Each structure stands twice: as structure tokens, then as C-alpha cells.
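Just one chain follows, in the form predicted alone, and it is written as C-alpha cells.
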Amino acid sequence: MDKGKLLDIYAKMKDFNKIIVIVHKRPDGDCLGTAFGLKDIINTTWPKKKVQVAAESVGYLNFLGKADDIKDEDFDGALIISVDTASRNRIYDQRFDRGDMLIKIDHHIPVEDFGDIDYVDIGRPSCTLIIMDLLNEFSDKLKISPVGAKALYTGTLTDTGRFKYSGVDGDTFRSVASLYDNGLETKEIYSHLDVRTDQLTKYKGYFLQHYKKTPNGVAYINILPKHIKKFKVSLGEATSLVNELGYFDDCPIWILFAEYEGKIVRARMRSKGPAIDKLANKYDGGGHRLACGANLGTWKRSKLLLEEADLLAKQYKEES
């Protein structure tokens, strides 16, 4: 924890009366949980400040809050805070340069510095935990409501795989405990996260029958528009099943390939041991050591990525 930079961030939040929290494209639970949690902290501490969130809507996370319709003039004189985003080109709202100051808060392996203040803590398994560090460091000054606590807990829960992934430690649970002290109620959270539609249930059956494995143990599946149309699920719902490929004892790496709008192919990559972040970087992606994304563009490049992942899995097995 860099207490000096946390103090700088606190000071800037206190100074600016207009603040816009921006997130990455195709946001997940951690991304939106961080954004709406931070917004709540600022609004609860300084009710007269104008705080907005620039983000895409994600159906299953709508209970966390509603993104704002932000106009060009809203950026004038504003403090912009980018959360859970490693590089500029991943930011959803590219008008962020219109603001007076930019702060980057992230927990991914660094790709580029782009803020006037860059706070990156790769030791935190979710970006929400950095916001909790800020909240707890200035507990005598900052406040949070149960609404903000709900957002931060949701982001932590989803990005740690319900506290199963590497990086979770005693500080993780001590931070979460402070949310309960601030009125956290978890019933609503689980009621949203623990449900699945008939359509997604049927698609999961298809998913589990059509995955493949490479010779050295990379489990993978290709998600095509025709599958989305047939099962009447969203692409976000379909790709959320990525960790269903992580249960095989002979597969240290698993990858979900999906075709997005414009026939653009992207990959979600996960690992039980071998570091995959450098491989993701090679294919215009990035993330964490064991959980990454890659922007492939074409199905041809997906085959190249799969071949390299297979070699990585082979090397890992030989060294284990």
C-alpha cells in the first residue's frame, strides 16, 4: 500500500467538485463494483459534489447502480478517475482527456502509465480492495453507505472467485469485514448472482459437451454468433462460463474464444499454474499472471494463440 499516493488521491477527490469515474470496455463485477463503490464514498462524504459514472450497462450487475448520460461539457473542470483499467485504449469513454486531471487506480500487471497520478497495486486480487484501502486509510474522513458497501463487496466477490483465487489473504477478509461494519447486507447480492435463466442453463449443457482439449492439456471452446442466437443468451452470459473449463485435473490452462461485433475475436485465458500474462501481452491483451484477456481480431490468430498455450502447458507439465 502506497499511503503517500492514497493521500494524493484523497486530496484531489476533496478538491474537485466535479468527478467522473470511468471504467473499461465490457465491464465486469469488479470494474462496476469499484466505480459505484467509489461514487458512493464521494457522494456520502461530500453530498454536494457531482459524481458520475461512465460505463456500459451489464444486465446482471444493474442492481449496483445506473451509469450516467455524460455530456462533453461535464468533463470540463472535472477530475477523471479511471478504475480497473491497465491501458488507455481499454477505457470505455475516450473523452477522458477532456478533464482537468486524470487518476488511474488499477490492480492489473502494468501495461502503461496514463494518469497524472497512477496507483497500481498488483498485490490486490480486486480493484475494489484498493478502494477499501483508501476508505480504511482515511476512515476518520471518508464515509460509505450500505449501497457503496454492496458494490465493493460484489466486485470483491466476483473478481476473487468467491475468495478462491490466488492473492486472497488476511487483509482481504479484514477489508471485507469493514464493509459489514458499514451496513453491508449480502442477501440481495447473492439473489442476483446465484440465478441462471433457462436459456443459459441449456447453453451451459451445450458448452460442457462441446469443449475440446489440446494434446498437452489446454481446454478450450469457441463461441460463435450462431450459438448465441440459437440459445437466446447474451455474449456476456456465454463468456461468463469460462471457469467451467477449469475443473479438469489434466488441464493447467483453459481458454474461451468468442466472436464479438464486427467478427472480432477475443479470448479469456485462465491458468492454474503457468504464467500466461506475457502470452496475453503478445496478442494485444493483458491482465493478471493467471487470468488474462487477449484481443485476437481473427480466428486465425486464435489458432496461433492456442498453439503457444499448448507449448506453455507442455513446458509446465515437464517442469512440475
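Residue positions are given as counts along the sequence shown, with the first one as 1. Small disclaimer: the values here were computed from a predicted structure and weren't measured.
The form predicted together with adenosine monophosphate exists for this protein as well; it is not shown, and the discussion that follows is about that form.
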**Message:** Asp284 versus adenosine monophosphate, in the predicted bound form: is there a non-hydrogen atom within 4.5 Å?
**Reply:** yes
**Prompt:** Arg268: heavy atom within 4.5 Å of adenosine monophosphate in the predicted bound form?
**Reply:** yes
**Asn43, heavy atom within 4.5 angstroms of adenosine monophosphate in the predicted bound form** = no
**Message:** Taking adenosine monophosphate as it sits in the predicted bound form, is Arg90 in contact with it (heavy atom to heavy atom, 4.5 Å or less)?
**Reply:** yes
**Item:** Option from 286-294, 247-255, 58-66, 32-40 whose residues, in the predicted bound form, bring a heavy atom within 4.5 Å of adenosine monophosphate
**Value:** 286-294
**Prompt:** Quick one: which residues from 20-52 get a non-hydrogen atom within 4.5 Å of adenosine monophosphate in the predicted bound form?
**Reply:** His24
